[in-house]
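Form predicted on its own, single chain, as structure tokens, below.
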């Protein structure tokens, strides 16, 4: 035990400057995580550098010094004060070599990467090149397999839920069918949660798509109209899409006026919920703790009610699927 404590101190002393970046799609709560990284590191006597525009900014050396004041009054703001961007160059070995060299040039011993699966692939490559890295899951899609929570999901579903409630009001008034498309290109978590929370009659999920879903919806509308149902709500995940054309086909087949609404990028923005602020803050602080314990190539996670960490390679190899009980429950409750 004594040997372990000495080792931690030794590894701690090797890290003097921690970088932080956000990458991929922005998510409400990212600013809370940035703030936590900066202040947790400063509290441990470390310097912090912000890398703007993700890996693209790293390669462009868009790097700034950060102090406690630089993250004041950002916890309530959506988006990311460090900005974010995609970077094709960093997917190459040459780009990764350049990124690691730039870190060393600027005295950055370790980086906290806040983003999704693609961002963690980049973090893993930096770790292979001698830069200590910790990933923090920031994505509204909840599609990172090792964690039950990702930064931004709670805000996104609440934003979408409120929008769907408003569409339901007018759909009821006009006795029409409404298809409401929410985000989720490959993952149906937002659609599933909103479908349950908003009491939708049908939910379309990329993970459960088949060739007969439109026919089932049409039959469902017809059956419900026979028993006096005057409006119909369909939550459609972005990964299925085609909402406007689907609305035309459903109206033609049922005779029921049908309109499509795409909620869109408002789900990414807005002031984060209390949960997103608290969980993101905890994850950001834990990322710093892990680095100063001498850990690298790890991903912060929330699993089974506890904050924990996984090896990035192990985390990226995990598979995730929708909770089948929730899927079945949503179908039962819509009848």
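Bear in mind the structure is a predicted one, so any value in this text is a computation, not a measurement. Positions refer to the first chain, counted from 1.
Although it is not shown, the form predicted together with a small molecule is what the next lines describe.
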Heavy atom within 4.5 Å of the small molecule in the predicted complex - the one residue of 109, 202, 117, 207 that qualifies: 117
Residue 99: touches the small molecule in the predicted complex, heavy atom cutoff 4.5 angstroms: no
Partner proximity in the predicted complex: residue 168 to the small molecule, non-hydrogen atom cutoff 4.5 Å: no
Close approach of residue 125 to the small molecule in the predicted complex, 4.5 Å, heavy atom: yes
Contact flag, residue 254 vs the small molecule in the predicted complex, heavy atom cut 4.5 Å: no
Every residue of 178, 231 and 250 near the small molecule in the predicted complex, heavy atom within 4.5 Å: no
Per-stretch contact check against the small molecule in the predicted complex, the hit in 88-96, 223-231, 240-248, 145-153 (non-hydrogen atom, 4.5 angstroms): 88-96
